[in-house]
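Here we start with a single chain on its own, the form predicted alone, put down as structure tokens.
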């Protein structure tokens, strides 16, 4: 965990780059919706992890889907990272969180990288780049900047692209951001928890793993269309769940010798063993005050983990523990609770 001053600085640099203050809201993934659900582990899950929510008994779950951009404008039709934060509610009243996004890999390796990235990736006036220069960017293996959406005057990715063109480790993540598109539904995107975790099996064997959510309905993107359907994701999910539940499979990839365990910018080979750990069923969207609790007051933390799951030494994962707590305190969300064995 980073020291408190560093955690506060991490949150502050995010606030400083917002188009306008967001009040007592999250500085990133500001726009979101809370959903209730139920998780049931697969028969093989318990063979790999002793965490309570993998024992096969149904577990109540809170989910928050979100748009990645910080700010109070929704922009559902923009090409943007989306988030899926999940809390498994355990029997003793505690929880185990899994925070994932549609980004397969992150774009910085550690806290120092993040501060340097933030200095470069500031909002700036949009300058349309000629198509010939974009072709030149491709030929030089650089990531070209997209054209602005109608009415978009500030570029949020120009500085990020300059950073990527100067730092090879960031290129995969930032390139994904540029091509990620707009989902047809929150329930039709795959979400990756980019960090490595350690899981303990009943025989005591510890394995490095990475988790991701795969939608049962399949992944479907639409062409980014900022007008007129900028605010369709909430309504689409509400209509979908009124017809039938939506489901995700929780997949767990097992790392092998030689895989990078503490750097979330580096992917693992596609040949690694994947285990279907269970099925998450989205059942209903709370309304009114219940939605405020489910969507805004709830505070997730990637280091809130059930016994049987441990964080790796990934410096970004460690930094998120403190930074998420600072953000939670600023907006009055539910507090982080250590497990009894970590107190």
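Numbering follows the first chain given and starts at 1. Note that the structure is predicted; figures quoted are calculated from it, not measured.
What follows is about the form predicted together with a small molecule, which we do not show.
Engineer: Spot the stretch among 237-245, 252-260, 182-190, 76-84 with residues whose non-hydrogen atoms come within 4.5 Å of the small molecule in the predicted bound form.
Structural biologist: Answer to the contact question: 76-84.
Engineer: Using heavy atoms only and a 4.5 Å cut-off, determine which of 28, 309, 285, 61 is in contact with the small molecule in the predicted bound form.
Structural biologist: Looking at 28, 309, 285, 61 one by one, just 28 meets the 4.5 Å heavy-atom criterion.
Engineer: Name the single residue among 101, 196, 265, 96 that comes within 4.5 Å of the small molecule in the predicted bound form, judging by heavy atoms.
Structural biologist: Of the listed residues, the single hit is 101.
Engineer: Spell it out for me: taking the small molecule in the predicted bound form, does every residue among 11, 106 and 328 have a heavy atom no farther than 4.5 Å from it?
Structural biologist: Yes, each of 11, 106 and 328 comes within 4.5 Å of the small molecule in the predicted bound form.
Engineer: Does any part of residue 48 reach within 4.5 Å of the small molecule in the predicted bound form? Heavy atoms only, please.
Structural biologist: Residue-level check for residue 48: no, no contact with the small molecule.
Engineer: Residue-level contact is defined here as any heavy atom of the residue lying within 4.5 Å of the small molecule in the predicted bound form; does residue 212 satisfy this criterion?
Structural biologist: No, residue 212 sits far enough from the small molecule in the predicted bound form that none of its heavy atoms falls within 4.5 Å.
Engineer: So in the predicted bound form, is the small molecule close enough to residue 39 to count as touching (4.5 Å, heavy atoms)?
Structural biologist: No - in the predicted bound form, heavy atoms of residue 39 and the small molecule never come within 4.5 Å of each other.
Engineer: Residue-level contact is defined here as any heavy atom of the residue lying within 4.5 Å of the small molecule in the predicted bound form; does residue 114 satisfy this criterion?
Structural biologist: Residue 114 belongs to the contact set for the small molecule.
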